[in-house]
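One chain comes next, on its own, written as structure tokens: the form predicted on its own.
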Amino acid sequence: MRMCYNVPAMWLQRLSLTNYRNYVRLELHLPPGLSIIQGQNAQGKSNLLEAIAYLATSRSPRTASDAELVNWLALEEPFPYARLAADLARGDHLDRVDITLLPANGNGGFRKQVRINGVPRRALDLVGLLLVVLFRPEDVDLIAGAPAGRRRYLDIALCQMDPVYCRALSEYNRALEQRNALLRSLQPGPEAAAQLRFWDEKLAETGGLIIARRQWLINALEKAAALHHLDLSGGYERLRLRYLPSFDPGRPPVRDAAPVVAETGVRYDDLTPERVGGVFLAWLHQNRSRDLAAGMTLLGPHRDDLGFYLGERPLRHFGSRGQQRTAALAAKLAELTIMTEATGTTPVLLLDDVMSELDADRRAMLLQVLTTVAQAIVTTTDWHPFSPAVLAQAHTWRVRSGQIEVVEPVGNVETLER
């Protein structure tokens, strides 16, 4: 594995959960290095890693509803709530982050109350304090699933590295919602063009930055993922990544031309937010009649996709399940590499029961990666994927029904299982 880091260490020192999923109360002190948490299904392994990812991004990787995160017994209380808190160490500096989920307007929903070092802040201010890369068995759907999952993959990585991107994405989504509402209420004509002009310009400004930064990330990911993929595939297969935007961001539209982009994508190296913004604005103007007829904005970053290829063959359509899993793992390892280079800090690596999904060679390569990061937290249903040597060096835990206990790292699988 081509990974060797000499960067400032960041690690999750303490995790506190109250009424979060099946954790009524948890106080967990986590050391740097490798922690392995074993437990059977539905005991709380995935909930623990979800909580860490939530503290990093203010969003769950598993659900869009914050109400689902609140313990079901707590929902029966007169004032239900859930709380997540963490101490984050970076060198000699310590940050304390806190998210409390509180009832919102009596409609069954919940709102976030965020504090950083005791001071109320916006959820956006939280992103980037704790850097994480999370890999789950479901992430094989990064290749085979819907484009929304691949956009989310790019957005989560970029938001952790670049707060400007995160703000632009938030502003773009708000402007998109306003423009779509306007499109549904207007009829084609000069009045529609005048009313849409402000939102066209807002979308072009923020969308230009989003597209340019996504292209930068995809180029960087392709370089790193191709190397990881060569290792994971035994050197036989070359992985390519390509941006698949909803229009060609490199050139303005030809009059009355449809926004057709090749399925194999185009690799750009010189996209700037200003250049893309101007092209995007021209496409919005040309496509206005189609948008009015559809009642929605048909072009823009919200319609982007990311293509994975072996040679010229798209993995989404022609790759085996094993090839898709290997490509997804290579992309996640590439994300770890790029995030470390971009921020100067190694993210916390979270692996949610993925070892059993890999064959012996890929498992061995992944175990090598675990030794290169400042902190890795791995969940597993059993100890057998880990050698006695790895277990002897790791901090080992067991989770049962939302309760976590230390298991002595004796380096002996049979003893751990008792």
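The shown structure was predicted, so the numbers you read here are calculated from the model rather than taken from an experiment. Numbers for residues come from their place in the sequence shown, where the first is 1.
If you look for the form predicted in complex with a small molecule, you will not find it shown, but the lines that follow are about it.
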Go through 27-35, 388-396, 362-370, 43-51 and give me the stretch that gets within 4.5 Å of the small molecule in the predicted bound form, heavy atoms only.
-> 43-51
Full three-residue contact with the small molecule in the predicted bound form, heavy atom 4.5 Å, for Asn22, Arg62 and Asp353 = yes
Trp72 near the small molecule in the predicted bound form, any heavy atom under 4.5 Å?
-> yes
Heavy atom to heavy atom, is Asp382 within 4.5 Å of the small molecule in the predicted bound form?
-> no
Contact label in the predicted bound form: Glu357 to the small molecule, heavy atom within 4.5 Å = no
